[in-house]
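To begin, one chain is listed below as structure tokens, in the form predicted alone.
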Amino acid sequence: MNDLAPLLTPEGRALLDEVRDTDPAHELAVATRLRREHPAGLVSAALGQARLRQRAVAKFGEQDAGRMFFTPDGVEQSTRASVAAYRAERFKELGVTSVADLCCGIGGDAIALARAGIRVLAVDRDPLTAAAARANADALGLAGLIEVREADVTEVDTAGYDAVFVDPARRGGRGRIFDPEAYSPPLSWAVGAARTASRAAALKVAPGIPHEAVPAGAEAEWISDGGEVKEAVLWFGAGQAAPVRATLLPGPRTLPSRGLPDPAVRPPGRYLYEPDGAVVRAHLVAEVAEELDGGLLDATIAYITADEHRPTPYATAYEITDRLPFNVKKLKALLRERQVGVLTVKKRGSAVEPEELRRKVLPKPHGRASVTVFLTRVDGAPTMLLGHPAR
């Protein structure tokens, strides 16, 4: 069933409530029982929606996910609620009161904008996706602030709105799309739409967008949530003080670019700092290294080393206990000698797969000790650095 309408009826909503906590292992038995009382298509749709809602909890939280309506693509591609809320708050701080949300998907960003008190025109050309966005606005009590329109975004007049937000499709039949001009709609069209906004605009792009693809006059912001890079956003008319920034959630904590040169390479100190992924993507490792009075282990690798422990939200600190040339046998013997039972393997600049190394050097626990090993290069030489999170 590719139509949400039956699920929005009293019978459909009651069925959704009944199957909401269905264990996938028991789904067949539940479906067989329910088909004695309800149409088979409705039962299948309800169970499918229940599965999507369970997957959506990670992005939207249990309360919202349990009331919203999803498509498979909508669960995968929608913005995480915490990221959407941060962006909505930034729009609000810019004095925006209305936003044209183009390529709105199932409405994740529209919901956050409306909860910030911003009026939203949410547009998507796919009928089922637009229906889900409309159902979600209604289910969350936001229909008064969200108008959902099924249309081609390239044909929508946004002149009556303070701001434009565009989230172009970045997946095709073969998976992720890396060329911004192959987005749907292309990045060049989205930039043109952004430049017409009266107050501000934001374009959601893939975190891997090359810095050289960032259009002139735009601020590029990389966002991570809980240490995981989620997206990049190109801002226009946002009064940006720096052309690049990294923002870490929760917080938010924002690190702006100051145009610093690359840090110097230096010998390993007592501490190793692993910058947040948003910092690395934004090319702001130099800003963090300066804050830590540190340098790089290798000119091409984003590991910072320093002699002092200075807590920073932009990097995780580890105290280094050992430095060894890369050697599997030596590492295995050392772990046995120190009675290691828990091994964390991190790598940058190494072709070795962490899981493969873990199986080789610690096939079974030797004790209760825990160790983190970094597979990297120190001034070009393959190296293992052992340590533990700094206290």
Ligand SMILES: C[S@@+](CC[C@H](N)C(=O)[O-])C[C@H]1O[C@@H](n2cnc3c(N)ncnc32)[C@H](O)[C@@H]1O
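Quick caveat: nothing in here was measured; it's all calculated off a predicted structure. Just count from 1 along the sequence shown to find any residue number.
Unshown form predicted together with the named molecule; subsequent notes refer to it.
Asks: Is S184 part of the interface with the named molecule in the predicted complex - any heavy atom within 4.5 Å?
Replies: Result yes; S184 sits at the interface with the named molecule in the predicted complex.
Asks: Hey, in the predicted complex, is A289 touching the named molecule, heavy atoms inside 4.5 Å?
Replies: No - in the predicted complex, heavy atoms of A289 and the named molecule never come within 4.5 Å of each other.
Asks: Is A169 one of the residues lying within 4.5 Å of the named molecule in the predicted complex, judged by heavy atom distances?
Replies: Yes, A169 sits close enough to the named molecule in the predicted complex that at least one of its heavy atoms falls within 4.5 Å.
Asks: Is T79 close enough to touch the named molecule in the predicted complex, meaning at least one heavy atom pair within 4.5 Å?
Replies: T79 belongs to the contact set for the named molecule.
Asks: With the named molecule left out here, work out from 299-307, 264-272, 218-226, 125-133 which stretch has heavy atoms within 4.5 Å of it in the predicted complex.
Replies: It is the stretch 125-133.
Asks: Just to confirm, with a 4.5 Å cut-off on non-hydrogen atoms, which of C103, V233, A282, A137 contacts the named molecule in the predicted complex?
Replies: Flagged contact: C103.
Asks: Which listed residue (A206, A213, A151, L260) meets the criterion of a heavy atom within 4.5 Å of the named molecule in the predicted complex?
Replies: Selected residue: A151.
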